[in-house]
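First, one chain by itself: the form predicted alone, in structure tokens.
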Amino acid sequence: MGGELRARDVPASTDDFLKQYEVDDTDVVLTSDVGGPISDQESLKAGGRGSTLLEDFIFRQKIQHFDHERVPERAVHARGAGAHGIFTSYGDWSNITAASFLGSKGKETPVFIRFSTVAGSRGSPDTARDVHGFATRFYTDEGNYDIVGNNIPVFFIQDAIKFPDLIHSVKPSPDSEIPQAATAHDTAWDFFSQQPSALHTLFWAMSPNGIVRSFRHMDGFGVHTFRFVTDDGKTKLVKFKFRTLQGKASLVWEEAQATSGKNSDFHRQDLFDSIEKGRFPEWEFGVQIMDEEGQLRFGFDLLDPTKIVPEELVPVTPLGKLVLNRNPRNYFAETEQIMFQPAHIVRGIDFTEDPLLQGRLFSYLDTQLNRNGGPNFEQLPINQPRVPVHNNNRDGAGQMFIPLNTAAYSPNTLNKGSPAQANETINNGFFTAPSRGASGKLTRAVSPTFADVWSQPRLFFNSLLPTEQQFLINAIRFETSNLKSTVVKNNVLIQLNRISHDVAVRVASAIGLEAPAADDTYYHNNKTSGVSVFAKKLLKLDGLRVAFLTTGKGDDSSLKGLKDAFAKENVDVVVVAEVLSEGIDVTYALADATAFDGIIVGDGTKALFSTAQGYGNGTAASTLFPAGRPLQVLQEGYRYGKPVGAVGDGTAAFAAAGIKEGDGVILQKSGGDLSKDFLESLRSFKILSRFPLDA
């Protein structure tokens, strides 16, 4: 036997592996489900105008398959997009983990990442304010390993038993199915105020972290504390982080709302287009490493999923880089059918007693069984590991394989003891950390070490830039202004006041209530790094889009120079004019500020913004686009905090738009070069000085 893992040959690369399942329908004839050629596409009827016959097996096969084309969508994270890639280890990390994919420098492991929102249905918009899923599968040489995380490092609840309550509260009202993909309603905020463990995640979601610019521009987190285990059984506690190498960026609220109406697929399109153009998104995968004995040393419990470990206390150790370089060939077969589970784990990594994690280990398997109607979903190509599987499982709905071993049990003698336990042969099977144990009386209670749920939301708020704090306040004002129950609104103020009296007062002022008296039990001035979206400039400008507004008459000599300069930074210049023609990418009829990250007004466009011509005052001189559209694109782009610029007489547009010189306003005379200054403004992504702060 020799301990070999033998089966059909399984190609290592993603392309070769999935190619086995690709169906090319080019130059073929139509067949039935079992391969019989089909002569026509009309149902079998009794006479030309008669009833369709039950005998028509072709019709029944086709319509029955169509009836079952849609599997139930995910209860949460229904709206998503994904891509394939490669993870490369920076080194040999066997001193901290026996995980094979981290066992040598330069070792490559295929991956698939699915990004998502949490609350909305599959038909909801990408840009809804929400926690965003960041689920990563490593197809390792010792089986599949999933980190089923989010772009926010903490979660709403501390115990998985409350998860149905959380989701019931944030989902639409059961009587009206309103609102979709939104928490601006009574049940959500009633839950948040009655379960204050939710406040930390809530603050992250109300900040710019809740409305990301794209999937490429957000970090990912494993949320829970896990264990690394070495071959000799030594353990370390770890928290996982995927740091975006594009840099973090977010939309502003009004922009996110407008984008959801203009392009509900904004995020999935950005991800797909970036990969198609060869601008592969990258993340650095790292861990915070902590001693088992230090689970309470930071003043909170490392098993509490509503807490972060500040990077000032425990820096992130980079382990490797992850690059997404291949789009799915078929959305349903890959992105929709991939089934992540926290219980997909490999040797060298182990769980902790985090009560939310413990519940997820059951819940994810159970929901996949429900979605797929049977236990064989792991046999779908996207779910199959890239190593052979010998598990003694048999039968069930959707069985894809033909097992030959009649002794489907272990141990056995009829099949020479095969499949044997790994520790009897090659000694590399999964093992639970030997130091783990359990003791104590059975109880249904929250650990006292989980009790303080207010100090870390304050830490988060303190760590934001003043404008980001204003965005968070504005978001809570928006949400609570939609509430009908005065009791719920007052309860929200009570909880906010435990975090910050200033926050409570500022929210109360907008909803016509009095904030409670200050309660400084949990007040402090501590800060941490890495939580702000706009504190640092973008690391890459790949895939950003700058609109160049023109008449389309070829009278702007600066356009080629701008395109060349921007192309060096992988920034796309989108030329906008009245009529599509050679060199024109988008018409004003289609153009909208939400589609661009910056806007430049070209030379020779004065008439487009002139009130004398009727454009600036809302009376269109052309019927090819809505009245005032060029001016609207410029004004809204400025209002959303985007860099804006002008060449030559295009500067006249700024007077019409009421835009004065200032941060992120780059003006150049005809023939000048504004590319350097404009690109530098793009790195800031949002010009925060344009957004007013509370007096």
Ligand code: HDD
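Quick note: we count residues from 1 along the sequence shown, nothing fancier. Treat the numbers as computed from the prediction; the structure is a model and nothing was measured.
Just so you know, the form predicted in complex with this ligand exists too; it's not on screen, but the next bit is about it.
Within 4.5 Å, heavy atoms only: does G602 come near this ligand in the model of the complex? G602: no, not in contact with this ligand in the model of the complex.
Give a yes/no on whether V76 approaches this ligand to within 4.5 Å in the model of the complex, heavy atoms considered. Close contact exists here: in the model of the complex, V76 approaches this ligand to within 4.5 Å, heavy atoms only.
Partner proximity in the model of the complex: V170 to this ligand, non-hydrogen atom cutoff 4.5 Å: Contact check for V170: no, nothing within 4.5 Å of this ligand in the model of the complex.
Touches this ligand in the model of the complex: V507 (any heavy atom, 4.5 Å): Result no; V507 lies far from this ligand in the model of the complex.
Each of G133, R360 and T367 within 4.5 Å of this ligand in the model of the complex, by any heavy atom, yes or no? Judged in the model of the complex, G133, R360 and T367 all sit within 4.5 Å of this ligand.
Only one of F548, F138, F155, F285 comes within 4.5 Å of this ligand in the model of the complex by heavy atoms, so just point that one out. The option sitting close enough to the partner is F155.
Identify which of R114, K489, H84, R268 has a heavy atom within 4.5 Å of this ligand in the model of the complex; exactly one of them does. Looking at the other structure, the residue within range turns out to be R114.
Only one of 119 to 127, 446 to 454, 322 to 330, 220 to 228 gets a heavy atom within 4.5 Å of this ligand in the model of the complex; which is it? Flagged stretch: 220 to 228.
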